[in-house]
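A lone chain, given as structure tokens: the form predicted alone.
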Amino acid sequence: MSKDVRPSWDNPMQFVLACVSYAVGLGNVWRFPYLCQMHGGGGFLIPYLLMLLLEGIPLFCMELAIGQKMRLGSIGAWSSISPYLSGLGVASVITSLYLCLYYNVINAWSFWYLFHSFQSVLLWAECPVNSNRTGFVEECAVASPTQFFFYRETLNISSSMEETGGGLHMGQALCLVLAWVIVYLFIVRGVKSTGVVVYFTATFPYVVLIIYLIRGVTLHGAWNGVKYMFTPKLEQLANPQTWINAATQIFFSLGLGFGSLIAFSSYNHHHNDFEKQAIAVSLINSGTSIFASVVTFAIYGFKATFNYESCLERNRLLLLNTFDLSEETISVENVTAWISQLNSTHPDTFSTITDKIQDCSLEAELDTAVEGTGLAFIVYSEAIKNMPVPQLWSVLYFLMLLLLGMGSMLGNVTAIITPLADIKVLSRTLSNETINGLVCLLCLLLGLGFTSPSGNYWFTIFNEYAATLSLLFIVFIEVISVCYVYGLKRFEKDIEDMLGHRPHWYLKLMWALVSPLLLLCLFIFYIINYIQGGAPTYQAWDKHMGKSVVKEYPIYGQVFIALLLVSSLSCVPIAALYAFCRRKTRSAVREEHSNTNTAE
């Protein structure tokens, strides 16, 4: 595509909303609250905000500057900087492709739950009756209705990765088709259609979050969760893992290294003020994580309090039935005291129910850390089913998840189609609509495998291994290339040409020294973790026990993980070697041609 006819955003607001819609995603709702819970509540905000300043804002700004200057997708932009860096863009495209394959599956799950929210009784609110109609389905009875609905009705999951029979889950497959059709409609005309869609995908989730905040803080026990979140455990600051998780959360939440930011900014006008936009989007993204955590912990506090009081109620009924006491004698508030009293006054009778008395603890309920799909589709569902008018809150919640996921998908797909549209041979042969459609169709066909009984285990592989190491490597090479291949002084002049002033000394210090060191440390940390961790494992669903159990990946699964890592990482050296050999060949041809002319 020629630079002269390259389409542009209608206005700077569209670009900002596109970046917000891309950066603010599912990780803000389920990953950040989990990290807060795991690493000291409010104390986690200290390393998190520090890492925002040290790597988040500087690297975000750098990628926007590259895209706006080069006005090309990731492959073209890095090839313009140096022919030896074309593999950097290819690695970004491959990583984005991997992300698209499994990320839209989450949107399919959201569709599934959204469609099942229009029921008089939510299907995850109670166990189904068994085929003999003599009781509940055993798997659901030993687990819980919410877990049963997710693992059995939504995933129809097998007991291990090796169990591959059963075919596709047709309901999920249709939801995945719908998800990709909508993505295609959103990006069919490039920035012209994406620029309109982001007004909705970037703003509506905030409307739902505000509604949920108002509802959440008014729920019984909600403040137990909010208080738990903001009660800092400062001893966690001495834990290196806390700082590492804060750095990686900032890194992945902003979507660095995928090529999406370069693609988005390539449609900006030359003098667009990307610097202020980078700061604004970064702050909005981190602010949304904190805001979403308040909402999440309010809901989590309600769930924990509900479970805690239900536990006390079961103990109360057990005492009433065993000791023949009146209803007014024991309340939920004093049941713990009655347990101690009856244990001392009636030890013989109490010994008959000792194994039935449950250990109820609100703190233990709040300490139960849940992340990812477990938080989004199980914990939230369990809380929603206990709310008044659960259908309304279910529709709002899963619609919000769907829009967050779709907003991120716009950036993920744009990172693939923009470099393809920049290839002159393709753009002259195929229309943009056709290229976009073929990309979506390819991703759909490859993604259908995730809807098989063992598909969730492959989903986990992609989620855990497809992007982590490769993105750290990609962005590390990016910042080194800008500062020491392209040249920091030259990059400063480019920014001055676009903005009218040179970048602040803070940004230059981060680019040249601090951010590369942080990225290198993170990369080394992950490699050491992989080596020391032994054979990789996954959580397999045991339908008899009604819970997840740890299993080791089979050999072919471990080989696939290795190939997944190498496939993107190897692009950089292979492309550099290819460029070197091509240059040598051309030099040899020119020299031979010159010698021939001289001889003649």
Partner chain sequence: MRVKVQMPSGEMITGFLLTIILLSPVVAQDLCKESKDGFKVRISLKTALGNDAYEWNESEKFLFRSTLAYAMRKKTGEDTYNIENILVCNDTKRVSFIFVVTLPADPTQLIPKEEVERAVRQSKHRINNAFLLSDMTLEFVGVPPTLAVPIQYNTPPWLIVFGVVIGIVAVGIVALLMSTVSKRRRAKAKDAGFDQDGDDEGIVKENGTALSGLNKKDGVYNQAFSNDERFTKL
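Remember, predicted model here, so these are calculated numbers, not experimental data. Residue numbers count along the first chain shown, from 1.
One more form of this protein should be noted, the form predicted together with its partner chain, which is absent from this view; the next part is about it.
Remark: none of the three candidate residues (Y465, Y506 and M510) comes within 4.5 Å of its partner chain in the model of the complex, counting heavy atoms only. In summary, among the residues P347, G500, P388, G166, the only one with a non-hydrogen atom within 4.5 Å of its partner chain in the model of the complex is G500. Checking A337, V207, A238, V181 for any heavy atom within 4.5 Å of its partner chain in the model of the complex turns up a single hit: V181. The stretch in contact with its partner chain in the model of the complex, judged by heavy atoms within 4.5 Å, is 312 to 320, chosen from 247 to 255, 230 to 238, 80 to 88, 312 to 320. When contacts are judged by a 4.5 Å heavy atom cut-off, E328 counts as touching its partner chain in the model of the complex. Although the partner is absent from this view, C175 contacts its partner chain in the model of the complex, with a non-hydrogen atom inside 4.5 angstroms. When contacts are judged by a 4.5 Å heavy atom cut-off, W223 does not count as touching its partner chain in the model of the complex.
For the chain shown alone, H271 is a contact residue for its partner chain in the model of the complex, at least one non-hydrogen atom being within 4.5 angstroms. Contacts to its partner chain in the model of the complex (heavy atom within 4.5 Å) from stretch 111 to 126: W112, F115, H116, F118, Q119, S120.
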